[in-house]
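For reference, the chain that follows is the form predicted on its own, supplied as structure tokens.
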Amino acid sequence: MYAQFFGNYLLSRGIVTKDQLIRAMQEKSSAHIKIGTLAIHAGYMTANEVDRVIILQTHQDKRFGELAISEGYLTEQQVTELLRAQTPDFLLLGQFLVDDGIFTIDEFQNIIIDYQSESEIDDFSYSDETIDQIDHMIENFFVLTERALSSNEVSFIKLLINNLIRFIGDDYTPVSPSPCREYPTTFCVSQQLIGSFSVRTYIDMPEDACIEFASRYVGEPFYEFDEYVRASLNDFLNLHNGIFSVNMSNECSIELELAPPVTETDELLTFEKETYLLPIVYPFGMIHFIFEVINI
């Protein structure tokens, strides 16, 4: 998650523009090698085994390496070796920005020091993000709230950030969230979790972004905004909320009911309860997530 929050760090401080960041994210995406690809290249896993682990991730909130170990495809030593072979994502992103002349290597060194200090990470943490470090980054990210985030809210947001990485791609940056009282929709779907922790989540994006989002999610290209594209957005939202409800049941003994996803037909959404708008910048466009907190 360091690369995603690093992009927001640069944007929020005016170090880069959105266009400069998107260009660097596009370059980073083409250079980043996923652990599954590295495992195939090293001869540790077959393509079918990698595909099976990816499918398992749609049912379990676990990293690729964790699932590969539990399935007997990799050992802990092999996972450690493969993680060390990956360049830390936020350093890779910064290097592309240096190459583009956005800032100098000396400026980048100072930026790294400031970012590490704020995020409470060190050189030994890049391939081993700890729960405490990630929770701290999320809490800082939502510092605008008038109260501290509940543990359930942190878990929900952390899972969303992970699921975007797993199922859509890690070449994105979340923009600092803001309170939301009304929102003009483009194409929007929503779903509510019902129970002792209840939140309604909305996803909204332009049609061209919907097409690319669905193409990435399904793993095959779409070329027009049709019912398959619309269904893919509903399915992603249902997948995310479904995994979260399983986590809550397994880890907290909290049972949540999942309402069916719905397409929002009102052009202007209005909210009376505590609601936050979270923009996500991908190279293919802007996605907006809206969190309406019903009870925590």
Partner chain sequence: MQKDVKILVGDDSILARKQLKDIITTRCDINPIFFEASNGQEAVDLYKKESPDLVFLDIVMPVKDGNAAVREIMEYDSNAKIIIASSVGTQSQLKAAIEAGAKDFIQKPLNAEQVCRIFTSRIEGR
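Rigid core: the largest C-alpha set superposing within 1.5 Å between the two forms. The shown structure was predicted, so the numbers you read here are calculated from the model rather than taken from an experiment. Residue numbers count along the first chain shown, from 1.
Same protein, other form: the form predicted in complex with the partner chain, not shown, and the subject of what follows.
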Completion exercise
Among V218, V175, L149, I111, just one has a heavy atom within 4.5 Å of the partner chain in the predicted bound form, namely V218
Problem - E49, D61, D235, E264 - the one with a heavy atom within 4.5 Å of the partner chain in the predicted bound form - result: D235
Handout entry: Heavy atom contact within 4.5 Å of the partner chain in the predicted bound form, the stretch among 53 to 61, 243 to 251, 66 to 74, 267 to 275
Key = 243 to 251
Practice task
Flag R166 as yes or no: does it have a non-hydrogen atom within 4.5 angstroms of any non-hydrogen atom of the partner chain in the predicted bound form?
Solution key: yes
Practice task
Answer with yes or no whether I35 is in contact with the partner chain in the predicted bound form, where contact means some heavy atom within 4.5 Å.
Solution key: no
Handout entry: Touches the partner chain in the predicted bound form: F222 (any heavy atom, 4.5 Å)
Key = yes
Exercise for the section: Using a 4.5 Å heavy atom cut-off, state whether L21 contacts the partner chain in the predicted bound form. Expected result: yes
Problem - Per-residue C-alpha change between the shown form and the other one, Q20, threshold 2 Å, rigid core fit - result: yes
Exercise for the section: Superpose the two forms on their rigid core, then report whether the C-alpha of F222 is displaced by 2 angstroms or more between the shown form and the other one. Expected result: no
Practice task
Return yes or no for I157: a CA shift of at least 2 Å between the shown form and the other one, with the rigid core superposed?
Solution key: no
Exercise for the section: Since the C-alpha distance between Y183 and V16 changes by 3 Å or more in the predicted bound form, give its direction relative to the shown form: closer or farther. Expected result: farther
